[in-house]
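Heads up, the chain below is alone and in the form predicted on its own; it's given as structure tokens.
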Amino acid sequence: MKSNSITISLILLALTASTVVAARPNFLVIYTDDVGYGDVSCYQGCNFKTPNIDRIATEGLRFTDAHCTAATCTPSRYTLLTGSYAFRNKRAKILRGSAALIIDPKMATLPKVLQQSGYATAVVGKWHLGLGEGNVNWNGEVKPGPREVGFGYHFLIPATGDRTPCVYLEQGRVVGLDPKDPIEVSYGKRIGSAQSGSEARDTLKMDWSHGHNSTIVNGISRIGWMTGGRKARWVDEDMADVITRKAVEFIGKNKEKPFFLFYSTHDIHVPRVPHRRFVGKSGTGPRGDAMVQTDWCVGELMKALEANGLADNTMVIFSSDNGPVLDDGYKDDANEKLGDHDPNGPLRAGKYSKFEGGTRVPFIIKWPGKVKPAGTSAALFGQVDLARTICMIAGAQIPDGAFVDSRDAGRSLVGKDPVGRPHLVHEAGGLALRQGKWKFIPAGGTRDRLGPWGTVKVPGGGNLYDLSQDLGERRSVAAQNADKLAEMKVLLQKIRESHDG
């Protein structure tokens, strides 16, 4: 009898354990590129429709004061995956396509901690966090890379669409490479004998406005030099289809165990070359058409979750790596065809700027049974908190000393905390600080407008804005609130010097 009791107890224990494992949610983070607060139709400012993204908001929670960490992509991506502000790593800046990996493989990361807890992990799409140890040999296995920082599977755009190398990297190797046509990449001396974008400008299918005038790939000139790899070079018009197909395949192959999928789009970063299915659909030129394409990609991922019976147990997050930009190096009519569309909505400036438009981005979460549908949150939320928060939701063991700036923001994420973070750092060629309704921008200069840009000079004492009264940051109230200004200066310096994120 005693033996039977022990057997029954063990069975019940096993069943309980398997139920806990089965209940762990999947995580799908859809991380877009240069998508502004007004580039999604469920936010203010958009004059075309993004129905699939809007559906996430209808079925979930839309944040109105959520932020990436920096007004440029590499530092935001670094912070999201490491839970550490990028300014703590001097290499976490906009990178060349040949840059070394900037995440220390010994470092605890969001995917690594989840992987060690039994999650299948993948990154599909744009990377731009460096690869290898510098001077990468693109003709062999490229490492360290995503595998060494916790991603079991990767299919990458190594840097950005406007930078060489213009090839895909899957599990450490260039896809479709002909060994007889080896790849060489240079960000210093010119290599190869082919004409550059500056020399063959009249042959380009998309002209450049500044900087993007070196190697020509698919009729578009890029930043950096590249020779070889001709069969492996991507076709820009197919890029969204290619990476979405890889993401859908990962979902299907991993439906029997919990997974973390970091799906990182290239759209709507330059060069904006959407598939012909989407050309003309937005009425605002290639930039808007690329956003319509992004919405289609989101729809395909949602269909994949539903087809595999995973929709009810998957947390879906949609956001962006920085604010919007118009002319960012190519003549694609981004300004000329903008019309009534307002990429940054009610906010000031965008990419590269310390103003709110640089980091306040769309952020939407759908998690059936945990997040009430059709909700809105005004909580101050930072992507820096996703590392710790997701790992805690997953029940993963977070190592001591990991995620130094990341807080458990679980209550904010599901709409139960209407206030959110006590303070949040913004990075854009320097730091700015949010605290409640207040925004502090220290002395110096910062970008204004969306390209072509202007530069605003912030006076010696710094500017202070009351966003509850002046969301567009038009009137500094530093003189009327000297004590608050001084308090925020001290706090920002403290954060710089410590790990009090």
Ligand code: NG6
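Residue numbers here begin at 1 and follow the sequence given. All of these numbers come straight from a predicted model, not from anything done at the bench.
One more form of this protein should be noted, the form predicted in complex with this ligand, which is absent from this view; the next part is about it.
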Using a 4.5 angstroms cut-off on non-hydrogen atoms, would G410 count as touching this ligand in the predicted bound form? no
**Request:** Indicate whether G211 is a 4.5 Å heavy atom neighbour of this ligand in the predicted bound form.
**Result:** yes
Query raised in the report: Are any of the heavy atoms in T79 no more than 4.5 Å from a heavy atom of this ligand in the predicted bound form?
Result: no
**Report entry** Touches this ligand in the predicted bound form: C73 (any heavy atom, 4.5 Å)
**Finding:** yes
Note: exactly one of H426, H269, K366, R360 sits with a heavy atom within 4.5 Å of this ligand in the predicted bound form, namely H269
If we test each of F381, F403, Y119, Y352 for a heavy atom within 4.5 Å of this ligand in the predicted bound form, the one that passes is Y352
TL;DR on 238 to 246, 394 to 402, 318 to 326, 337 to 345: the one with heavy atoms within 4.5 Å of this ligand in the predicted bound form is 318 to 326
In sequence order, the residues of 153 to 180 that place a heavy atom within 4.5 Å of this ligand in the predicted bound form are T160, D162, R163
